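Quick heads-up: it's one chain on its own, the form predicted on its own, in structure tokens.
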Amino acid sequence: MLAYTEARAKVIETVSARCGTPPSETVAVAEALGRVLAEPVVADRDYPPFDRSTRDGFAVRAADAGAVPAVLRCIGEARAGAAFAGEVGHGQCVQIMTGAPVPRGADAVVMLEHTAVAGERVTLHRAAHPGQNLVPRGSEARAGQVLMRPGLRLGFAELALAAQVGRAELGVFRRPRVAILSTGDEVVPVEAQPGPFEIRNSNSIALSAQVRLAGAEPVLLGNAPDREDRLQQCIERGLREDVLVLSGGVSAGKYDLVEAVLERLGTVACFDAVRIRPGRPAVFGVCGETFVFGLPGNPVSTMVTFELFVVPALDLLSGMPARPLATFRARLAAPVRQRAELTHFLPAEVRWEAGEPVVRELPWQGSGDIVALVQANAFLLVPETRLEWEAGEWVDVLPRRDRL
């Protein structure tokens, strides 16, 4: 049985060795959120394309404002989108707005708050120096400079930059397709009225959301009953996609049939258990060209193991490096005690108190307790090497990507 870090490394190693560069496609920049860039984005001109004022005030020659108070004559105005046509000479200034181009001859901007205006007469009460309150032309980027390279996941700032340089469309890698299949006779569709011993298929809904958050495309296959023939049919359909994620049927019970069917279909298993709680009976393997993940059926286990093991695979299949697990340190609000020598991922709430993160384990009823997980914005990570922690100690926390 592997440690979760070893299992995660095995996923990254296996997928990296087998996946090539994904095919690319062109999409509108407004539709590219979360996609991975497949081509370089280059500056079409200098940025800013002119010396730009960062304050409302007066554009001046710094040599005229070295000693204060200094009195200058205002000869015009510069506003965003409209430059002053003339040139600032000795003893002169131009009123300027934030974002406007700095006029020729001026090399500094004095903030409006540091001046007194009487008609054309402007008195400066704060000395100026060259470059004050302006951004020089080309200081952000030069024309022809590569601003974003392939393999970058596109967020709102990246899309803004692409739009700024005139890229109405972007070449991005195709999103990996992820088949999602839940298993179990007790599982019924979300819209169904369950019997007294049945549950609705919440796992498929959660996994579909997690797939989308990871930048991939979910393919919902519904639920397979605990019959080998029907389960095999559903798995065979899922194997047409880049990734197949199953939930349930991977433990050691009489009706846990997933591993037997996968083996019969030629799946090469990389691991079938991980030293974690929740999520110990997690499975990863390769069947033909498809990467297969068998995740435990209890919802919290399913969500945790997806984050640990499926997300890095989807990163790689999307055309980018696998992102590191985004843990951070927080101070424990109360003692934590665990018994099993496993790494625990406990539903937790992180708050900021006096400027530092404080984490508290939430009461929960085990890996089937979605109600408790809704109250959590993170998982408290308790390593297998040390199961008892005191209040005030610093511990590792794994954020819920959709909440924190």
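Quick note: we count residues from 1 along the sequence shown, nothing fancier. Treat the numbers as computed from the prediction; the structure is a model and nothing was measured.
One more form of this protein should be noted, the form predicted together with a small molecule, which is absent from this view; the next part is about it.
In the model of the complex, no residue of the candidate spot (Q232, T267 and T290) has a heavy atom lying within 4.5 Å of the small molecule. Only one segment in the set 201 to 209, 130 to 138, 259 to 267, 326 to 334 has any non-hydrogen atom within 4.5 angstroms of the small molecule in the model of the complex, and it is 201 to 209. The listed set G105, P299, P218, P101 contains one residue whose heavy atoms approach the small molecule in the model of the complex to within 4.5 Å, identified as P299. A residue is said to contact a partner when one of its heavy atoms sits within 4.5 Å of a partner heavy atom; T305 fails this definition for the small molecule in the model of the complex, lying far away. Within 4.5 Å of some heavy atom of the small molecule in the model of the complex lies at least one heavy atom of T183.
Interface membership of V187, defined by any non-hydrogen atom within 4.5 Å of the small molecule in the model of the complex, is confirmed. At least one heavy atom of S251 is located within 4.5 Å of the small molecule in the model of the complex.
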